[in-house]
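Just one chain follows, in the form predicted on its own, and it is written as structure tokens.
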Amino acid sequence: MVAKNLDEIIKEQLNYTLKETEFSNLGEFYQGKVRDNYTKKDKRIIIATDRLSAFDRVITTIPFKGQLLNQVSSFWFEKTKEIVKNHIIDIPDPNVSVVHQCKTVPVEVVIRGYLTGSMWRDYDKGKPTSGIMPPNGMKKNQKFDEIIVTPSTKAESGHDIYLPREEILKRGLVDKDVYEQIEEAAFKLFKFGQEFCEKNGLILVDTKYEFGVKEGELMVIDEIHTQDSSRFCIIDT
């Protein structure tokens, strides 16, 4: 029997991707761009589908994408659970996470080690991001002297909006003490992620974290250091 290579395995599965789910007995249903969510009382079941989202819409499905997304996130949640608590209760299936139902903090923490992505595009136009303007003369993909946090609103639909820390607090989107907690947690998670990636030949360029609160306790929710939430580069190249 000839062993199949990865390309062959993926091609064989193109017609068997997980596009959507329908389990009416699991709880109240909510469909995100990639994940299907079922909530019942204080628990949520999250099923990572194979949907691929870009420009705020689903454009196709890719074999094993949901499994990869869930398992990468599960790996990092396990690695970082002693740094910051997270919402994971169980991973009963490669595509499924059972988590604590939390009250979502309506702010995403985007944390950056390099000038790239949307911050570069703003910088190139002379615009600050979340009120932050990097020093003059920087080049695309240049490393910052210090890690930068650019918080944004968490939009129900459409694009998130980058806002200065002061504006987020002024609008009352989150209490000052909670914001300080999530920013501190984000720094710790990002530094750990960067160090772990570096040992494995990768650069964790930037990422975003989402947080929730359950019974007064802050938790990391959604995903962490995945291909959907982060930018990576290969050190050698």
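Just so it is clear, the model here is predicted, and its values are computed rather than measured. Position 1 is the first residue in the sequence shown; the rest follow in order.
What comes next is about the form predicted in complex with a small molecule, which does not appear here.
Open item on the list: Can you tell me which of 145 to 153, 122 to 130, 98 to 106, 163 to 171 lies within 4.5 Å of the small molecule in the predicted bound form, counting heavy atoms only?
Closed with: This holds for exactly one stretch, 98 to 106.
Open item on the list: the small molecule is absent from this chain, but in the predicted bound form, do Ser73, His225 and Arg231 each have a non-hydrogen atom within 4.5 Å of it?
Closed with: Per the other structure, none of Ser73, His225 and Arg231 touch the small molecule.
TODO: Report whether the minimum heavy atom distance between Ile182 and the small molecule in the predicted bound form is within 4.5 Å.
DONE: Answer no; every heavy atom of Ile182 is more than 4.5 Å from the small molecule in the predicted bound form.
- [ ] Report whether the minimum heavy atom distance between Glu210 and the small molecule in the predicted bound form is within 4.5 Å.
- [x] Glu210 belongs to the contact set for the small molecule.
Task: 4.5 Å heavy atom contact, Lys188 to the small molecule in the predicted bound form - done: Output for Lys188 is no: heavy atoms all beyond 4.5 Å of the small molecule.
TODO: Find out whether any non-hydrogen atom of Gly32 is located within 4.5 angstroms of the small molecule in the predicted bound form, and reply yes or no.
DONE: Yes, Gly32 sits close enough to the small molecule in the predicted bound form that at least one of its heavy atoms falls within 4.5 Å.
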